[in-house]
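What follows is one chain in structure tokens, specifically the form predicted alone.
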Amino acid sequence: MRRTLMTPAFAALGAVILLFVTVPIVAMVAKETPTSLWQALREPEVRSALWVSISAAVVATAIAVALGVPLGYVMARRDFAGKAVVQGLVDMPVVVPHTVAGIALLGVLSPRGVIGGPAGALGLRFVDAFPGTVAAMLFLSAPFVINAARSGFEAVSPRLENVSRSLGAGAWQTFFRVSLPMSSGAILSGAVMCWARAVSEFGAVVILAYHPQVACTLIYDRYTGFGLAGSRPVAVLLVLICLAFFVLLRLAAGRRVGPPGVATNA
């Protein structure tokens, strides 16, 4: 009897938080019309901001996957001195206030910074430039990929890797034929969350790279200058684009996209 009552009770509690998350977004979208959204989308400033947000988030996610998946594998398969410290450093961007992250990044990526100076000599500029937007997004979103990859690799039994090695496969072949495919669901889920976190970044981006404007910066500018009427159409466009991205990815990936850390099969 208790088990029968537990599920409806949990469902009711879950419905409360679901409504809390959903109602404000639905109410905001409902206040706009296709005409107002089309008029906003026709503005070059809006199209540019949306493009910068989406493209910079894609680049940041690609870098996070390329560099974060190997680190996630090492964290899952190796025990070493200072591992807890490394895990803490991985998680640090999640707990650091975003404006603080922007200030920290500005200190090293500015023309006089330890990274920005040498990069500037090579023609790579971060302050008020597209690479700066990517750097800010990468700093704050990379932990999602690293932690998802670590959890995904932990879910793969080392015995399967040992069997692969015993059959003559090398370390690289085992990684690409066994470990990576079996953890791809978790990694893909982490990449999705990484992109979502990156495309919604504001605090660090506005400090390091106010220009070219991303969608969040433009929304804030229009809110401070024109209020809800000026900022809401751009906000709704960003929400709809993100929603379309998630739906298309879910349809394309099917059941391979599961919660971070859960390896699923197609």
Partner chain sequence: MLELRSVTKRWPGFSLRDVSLHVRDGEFFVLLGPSGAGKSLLLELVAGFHTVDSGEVLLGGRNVTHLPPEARGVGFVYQDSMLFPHRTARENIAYGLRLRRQRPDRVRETVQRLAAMLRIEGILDRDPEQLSGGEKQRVSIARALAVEPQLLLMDEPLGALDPLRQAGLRRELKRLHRRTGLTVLHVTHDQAEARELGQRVGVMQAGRLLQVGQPAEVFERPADAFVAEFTGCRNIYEGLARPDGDVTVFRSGALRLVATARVVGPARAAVRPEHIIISTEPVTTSARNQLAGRVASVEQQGGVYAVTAEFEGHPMTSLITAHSLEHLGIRPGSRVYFSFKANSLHLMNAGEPADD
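Here the structure is a predicted model, which is why all the values come from computation and not from measurement. Residue numbers count along the first chain shown, from 1.
Another form exists, predicted in complex with its partner chain; not displayed. Remarks below refer to it.
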Is the gap between residue 181 and its partner chain in the model of the complex 4.5 Å or less for some heavy atom pair? yes
Contact label in the model of the complex: residue 77 to its partner chain, heavy atom within 4.5 Å: no
Does any heavy atom of residue 168 come within 4.5 Å of a heavy atom of its partner chain in the model of the complex? yes
May I ask you to check whether residue 159 falls inside a 4.5 Å heavy atom distance of its partner chain in the model of the complex? yes
Using a 4.5 Å heavy atom cut-off, which stretch among 124-132, 191-199, 138-146, 168-176 contacts its partner chain in the model of the complex? 168-176
Which listed residue (84, 100, 92, 163) meets the criterion of a heavy atom within 4.5 Å of its partner chain in the model of the complex? 163
